[in-house]
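Encoded as structure tokens, the following chain is the form predicted on its own, with no partner shown.
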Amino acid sequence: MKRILLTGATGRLGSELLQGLNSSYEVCAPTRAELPLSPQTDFYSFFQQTKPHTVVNSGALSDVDYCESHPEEAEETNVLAPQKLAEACRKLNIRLIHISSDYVFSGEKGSPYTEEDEIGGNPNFYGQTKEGAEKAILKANPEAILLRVAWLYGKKGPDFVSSIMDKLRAGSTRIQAVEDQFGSPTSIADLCTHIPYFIERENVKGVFHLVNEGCVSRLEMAKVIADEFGSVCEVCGVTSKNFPRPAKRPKNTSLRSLRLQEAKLPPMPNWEASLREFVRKNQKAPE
């Protein structure tokens, strides 16, 4: 049985991924205390001891507004630590799957980005660190796999979907959602189904967009969630100016994958089908 080392196992993605991988692999999920995502960490010695077949790096400092006000910490966690981790994987011939982000793009293209588009230009520091991480990882370890995900939602919040569901459970009669920002909502459950394909396909490397298919606004997502709830709540569109944030958000970082088909890997499901399925399964408030 292959041994997988998973970083970030307590996060939104990592916690569900840990459960999903446990059914097929021997999973080593060190805590932050055991394996800090820091450039001072000796990843080489840790990997020598644990001997993983694949490292899945889902750990990151992902609070966009926090990164804006803590740039040094964000740089260390999101760029310098993954670079050192990638170097250790290359030296020990360990496969590396790194979780990246749609925020490597500026959001100004006006249509979905593919793996062939040039990265850069995101208006917030978090996005700049994810861009920096991609460049550093591929330079240190050209065999690495980078999976760009976006607008994640799952069982463990907080995220946009959970916030809308909470409002509907509370009986809200009017909900506002941003109508002028677009992206590719991504079900963590779908990621947990697809990431093992990359573990098993030893000849695969490079950048892949791993998001649910389609381009959508937050407003459209909120309407689908309310509809699946059977709610008569009024869902109103507002501009992003109504929700000022410390870090500026890009206009449209929706993604489309060309490389999944090229690599003969299954496509990700449509965003609306996955969102409706998630809402149906999780409509009741968590106990």
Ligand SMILES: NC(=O)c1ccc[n+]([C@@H]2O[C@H](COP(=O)([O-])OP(=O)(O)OC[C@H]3O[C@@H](n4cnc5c(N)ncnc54)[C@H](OP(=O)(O)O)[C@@H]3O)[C@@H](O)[C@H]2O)c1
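In this text, residue numbers run from 1 along the sequence as written. Please read all numbers here as calculations on a predicted model, not as lab measurements.
Keep in mind that the form predicted together with this ligand is missing from the display, and what follows is about it.
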*Of these, S187, Q128, N141, T77, which has a heavy atom no more than 4.5 Å from this ligand in the predicted bound form?*
T77
*Only one of L21, M268, L13, L275 has a non-hydrogen atom within 4.5 angstroms of this ligand in the predicted bound form; which is it?*
L13
_Using a 4.5 angstroms cut-off on non-hydrogen atoms, would S100 count as touching this ligand in the predicted bound form?_
yes
*Partner proximity in the predicted bound form: I225 to this ligand, non-hydrogen atom cutoff 4.5 Å*: no
*With a 4.5 Å heavy atom cut-off, would you call R245 a contact of this ligand in the predicted bound form?*
no
*this ligand contact at V27 in the predicted bound form, heavy atom, 4.5 Å*: no
*asked:* Does this ligand, in the predicted bound form, lie within 4.5 angstroms of each residue among S106, G132 and K135, using heavy atoms as the measure?
replied: no
*this ligand in the predicted bound form: contacting segment from 258-266, 52-60, 229-237, 245-253, heavy atom within 4.5 Å*: 52-60
*in the predicted bound form, residues of 150-181 near this ligand [heavy atom within 4.5 Å]*: A150, W151, L152
